[in-house]
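Same chain, two forms, each on its own as structure tokens: structure 1, then structure 2.
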Structure 1
């Protein structure tokens, strides 16, 4: 058997660039990849570099095959699937790492850089943030540079390659823009990216067990943004209805799966002025659709109203969606509720939270009416020693009892749950609504930002003749939570805890600016879907835009852009003037510090410069060769370019 030959070190100069480009394209995947793949990538990268540096042989084909099989199985075991964005990108990343181990020639490096391009683009299948575009541009520029480094002459500096790579991308930019504008967006795409079901959902969960949560982490992530057509409602009116929980088992509240109700919308009797607005909802991977309490119209397709006036879409919200809606802050719902339903909404498990039930019955007996009873309970929360905290103690098996009588501290879910249980104990129909409350106005974008930290739970009770009525017991305990919103309240608390004042105004402004930018980005760039494209095409004067017309326009635009760019480049192109090469050469002569002699040819001078060790031999050889060729050879331009690069590298 032939002895494995070591690498010849010819890739040593360009390999770090290739590794860097590959690293940049793997980086956006790292938060989603299992740790072992990231380690595998780093391991392979370092290993490959050391092989090249020490001129060691590459691992044998058998070893590589075994490793590839192991990694394939590893991905299969980690994801129990090989299709979808997650397993797909994991497989791509790990195979790119292994490809490093058989990268022997330039051709293999090309393959690696192709994979880099693919990897960096595939990260867009997951998320498209504001920073994705600059990151993508940077990464692709580095990949281009790595590409150029492979064929760069030894004295071409990285800066020069980088500049060439950037320039090439600049030429491509108008084409990319044209593609983006004209490539037909289809309302029903030919293909869809499979979304990982394993991915944790953000947003609200559809059960509520306040006793089990000992600490609520505040996420600053944006849940949705709202832009109002007219004025923005006041803080205390901003209740964003989500899902409704109707069943309590003694510990936790649960709701029903999203289901359509044909009568729910008709049960709403509106009063007062409507509010019109547009919501841009971040993907939740759930079906719930949020709207200002109480929505009556909404523009999101396939979205229906459930029996408790909750909105849901028939398919999970996997991508950012924007929809218009109209709500009435003043409304009545189901003024007459049949006996059966009243019992349903008053149902409690028989032998749990007995102390609370007893307390409720006592208080109801003392009150003159249901409304008076409600007020009495709210007053109890307000006047007695109840605290609003995000870090409540665990509550055990009878959470409501323990909360009401012992711990007396909790957040919205605790109060909503306790309140609803007390209402149900005396036969008043009640339910818990989950959604968001409040939101921060971004003065720069003029829109309202609702964050995950604005998530809220409140109750609705049904009263004879009034219908379902919103009661927020948290407001009785911590009115500032409702007035200023959770973020403000929490930030102040945070500042106290750390012994700091509230975060500086500047930082806050900065985050607001970024948010405004993000909102515009979502609206104009990511929101450029079928509908916006149609409108834009119409605005451009295309009547009845369809994909055929757009495709033809795209081809036309691309062809004319290519021609335009070519013509511009041709016009800009100026063959080097006769003396330009000698001007460059004079700089080289100056750099050598030698006096030129009359009648001495460039080749003779080069020989003399080499003997004098004025500059590295290869630099002298390259410059001399390029100069003589540029000055006296038949193909002056390429030689002149070589000369320019070579002289540029020494000055």
Structure 2
């Protein structure tokens, strides 16, 4: 027998709630899903609602099978895989869309709501933003309401269903909180979930060509936040070391792949007092780890120091990470550089940027030493008509020549590149460092915000007996960029000539407030790892906390909460206390010897008792009147006393 394909409209009342729950669960994935999946989902939702409203037949099984195969192939082609957060959430969204087209009964709606729960929870695999918790609670409440609406009576309003769903979640909240606090945290997860790799990388690239950093400087995204143990360093000391570029092809600078160096740490000679701090680094999908120049200690696992004293991790940073570090602003690096490395750090391609090389050799011949030559180049940038701008003109071939002699305007990468080329032209080893400079102090959170707009490039040169030292030619052209940082200069109005604009004071204060909340969310909630859990357990009085103690504590707390919630539910839904007036009236009925009829009122029973001469008429009338007054009258206590006396007088 063929299965009927038509609809009878029985789901019309509950279907909008199911569609709304599905829409809320898909919404967090929309920014990451291909547009065709989003359109397919909403198209199927509208189509299914119109089918139910107009009592039309559902699509045939063959059509649904062909559509499912096409969507599966679409996901496979889009992601080149079916595993991972991206493909997995895409398949869930597609599954929900296609399931709508075969939904006939309420049990099918239950399956859709189960998929909604999975979609809401899977959004947490990507990121746990500050708004994630309230959004998740709201979405789950709507899903619970949709569940209740499928079995609600016609007289039950949506508001009542919503209240019941919210109350059920409140009952579950203490259990969830206890599990979150006491369940032993592991340093590594039980499984590894592949994060989307198709999204654009946020942050610095491992190559530098004109215009790379200037595009980042227009971004207000947070790169990382820093909390210092003591006083925050001054603006000119906030150089956040990232990656080092050592090879120049005439136009672009490139660096080596991250590699472990066993001698890089030993080449650092520190001076002065160290600075201790903690960095919360946003996902970059790169291996570079940023630290205040010059780092000597770091706590991030699987992190090593490369041959140019740059920090890197063995795996890309796909999720927000927090780590502690210690740096020395005063340092010397590699005072003795082997000849082979001197030549390598001085290498330039032949027949490129010849005018710059000739200028450098002329200036070096007029200088008395390498340090005097460095100072002469910096004076040239400072005293001659060179400009700092985020929108420099195009350079074409031989970009250093065109920059130094023609355009004379550029961003930090232009000055760092030109300075390094001039150094190498006279045999002074040099390299370009990419990282961030500056940062904005959030007075509400007491931490430093380093944004993508603080991306910066500077130069390191090597001098005999001194070693590698930092030289920032940008400071000679735009010292306010170093003193205030990019974001600070924008707020002070100093960056107008660069093309930077600052938000209004109200919006800026609002953004700082949100940033402070985000920082605390990251520290207290997302940062609740093994170490913080151990500290919290000790604060609660647990000596030497281990997983056995925490599991036993968790079991004890959960059992206690379950018992408490059970008692509350028993008290809430306990049967009403027996009515004393009804008990007395039942004794009266028993004395009459008559059986009450279903739906019969006390007055009607009294009339029937009089007709049967079961008791004297005046006694029946007295008991009936007293009972009605005791149950429904305004003066129940006196009426109850009359009823008690009257029933007691029956022999």
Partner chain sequence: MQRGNTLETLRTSRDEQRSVIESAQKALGRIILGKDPQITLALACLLARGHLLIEDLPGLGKTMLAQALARVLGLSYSRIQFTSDLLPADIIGVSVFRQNSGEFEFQPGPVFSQLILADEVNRATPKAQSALLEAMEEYQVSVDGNTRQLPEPFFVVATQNPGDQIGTFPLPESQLDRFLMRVELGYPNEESERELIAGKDRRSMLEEIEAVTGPDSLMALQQSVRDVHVGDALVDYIQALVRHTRESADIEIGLSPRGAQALVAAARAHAFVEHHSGVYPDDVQAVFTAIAGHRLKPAGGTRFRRPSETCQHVLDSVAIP
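A quick note: this is a predicted structure, and the numbers were derived from the prediction, not measured. Numbering follows the first chain given and starts at 1. For the two forms, the rigid core is made up of the largest set of C-alpha atoms that agree within 1.5 Å on superposition.
I want to make sure I have the labels right. Is the form predicted together with its partner chain structure 1, or is it structure 2?
Pick structure 1 here.
Using the rigid core as the reference frame, would you say residue 588 shifts its C-alpha by 2 Å or more between the two structures?
Shift at residue 588: 2 Å or more after core fit.
Return yes or no for residue 22: a CA shift of at least 2 Å between the two structures, with the rigid core superposed?
Comparing the forms between the two structures, which are aligned on their rigid core, residue 22 does not shift its C-alpha by 2 Å or more.
Once both forms sit on the same rigid core, is the C-alpha displacement of residue 538 at or above 2 Å between the two structures?
True for residue 538: a C-alpha shift of 2 Å or more.
Once both forms are fitted on the core, what is the Cα shift for residue 640 between the two structures in Å?
Spelling it out: core superposed, C-alpha of residue 640 shifted, distance 24.1 Å.
Could you state, for a rigid core superposition, the Cα shift of residue 569 between the two structures in Å?
Reported C-alpha shift between the two structures: 2.9 Å at residue 569.
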